[in-house]
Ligand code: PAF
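One chain follows as structure tokens, the form predicted on its own.
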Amino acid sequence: MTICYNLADFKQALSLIPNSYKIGFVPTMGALHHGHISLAKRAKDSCNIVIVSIFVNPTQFNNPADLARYPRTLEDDCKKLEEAGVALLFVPGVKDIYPQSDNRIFDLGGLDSTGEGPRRPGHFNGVAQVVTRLFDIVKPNYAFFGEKDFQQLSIIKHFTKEMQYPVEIIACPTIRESDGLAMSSRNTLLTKEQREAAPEIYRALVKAREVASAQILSDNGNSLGITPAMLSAMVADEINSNPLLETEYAEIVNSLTLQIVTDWADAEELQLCVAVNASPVRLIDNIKLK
């Protein structure tokens, strides 16, 4: 595996790739886990060459403390990627990605008006800044993203299409620990007690999916009398019953527009998205309801 720590070296390595090759790209912020590696393996299965980037992007952190404590495990990351068959790793510095201040403001189609959007002002604009910059540098044919970050995935699909990038966005399933906890780099920051409590999040989501299925399939969708708002509140209460967890939001949204629904018939596809604080660590997850 070739590792490039600056833009000049990466461009040189990129120039050696045959034009006929299909490039699969996996952008990451490092602290890699099996979820990231599954993306690289998926890319390897369908592309001639796999490129991974590791860059902790400062423009998507609205909380400086969160940026400072984000885990960084480069040596271990390199070993995992080499074992996964990644050919080229790009580890740029801030000046490589942002030689000048990036003041671009993106139209995200209202997809940032719920969920993470209002709770993390500027976060998704920062995601758009770094992803488009990396697309411009790497010029991939395919880019692979996990469904754990469902809202982020939707937004990336949106601006990739709107800006007419010749990149196909490949959505990959959430990878979970054996107890159901969605794999995340932030999981390493949990205390032992918090880690034991965290699977309650997924258990609450699964229970909600069962309730939603019964509600949606019932006569006229009303016989159980449970609205999306009521189910969201039930999920929050379930998670909050553990004193180590505090739900920041639980929202049932139209899977395409990410707008909160008030009725089960509001959309053909529904997603339940949550953010939970295990102070000071913040965990997100989601599950498809229909």
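When you see a residue number, it is the position in the sequence shown, counting from 1. Everything quoted here is computed from the prediction, not taken from an experiment.
FYI, the form predicted in complex with the ligand isn't displayed, but the following is about it.
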Q) Are all three of S232, T247 and V274 close to the ligand in the model of the complex, meaning a heavy atom of each within 4.5 Å? A) no
Q.
If the cut-off is 4.5 angstroms on heavy atoms, which of these, N242, S38, S255, N57, is the one near the ligand in the model of the complex?
A. N57
Q.
Please identify the residue among A204, L111, V127, A143 with any heavy atom within 4.5 Å of the ligand in the model of the complex.
A. V127
(Q) Just checking whether I226 would be counted as a contact of the ligand in the model of the complex - the rule being heavy atoms within 4.5 angstroms. (A) no
Q) Would S154 count as a contact of the ligand in the model of the complex, using a 4.5 angstroms cut-off between non-hydrogen atoms? A) no
Q.
Can you tell me if I260 lies within 4.5 angstroms of the ligand in the model of the complex, counting non-hydrogen atoms only?
A. no
Q. For D149, is any heavy atom within 4.5 Å of the ligand in the model of the complex, or not?
A. yes
Q: Look at the stretches 6-14, 21-29, 262-270, 275-283 and give the one with heavy atoms within 4.5 Å of the ligand in the model of the complex.
A: 21-29
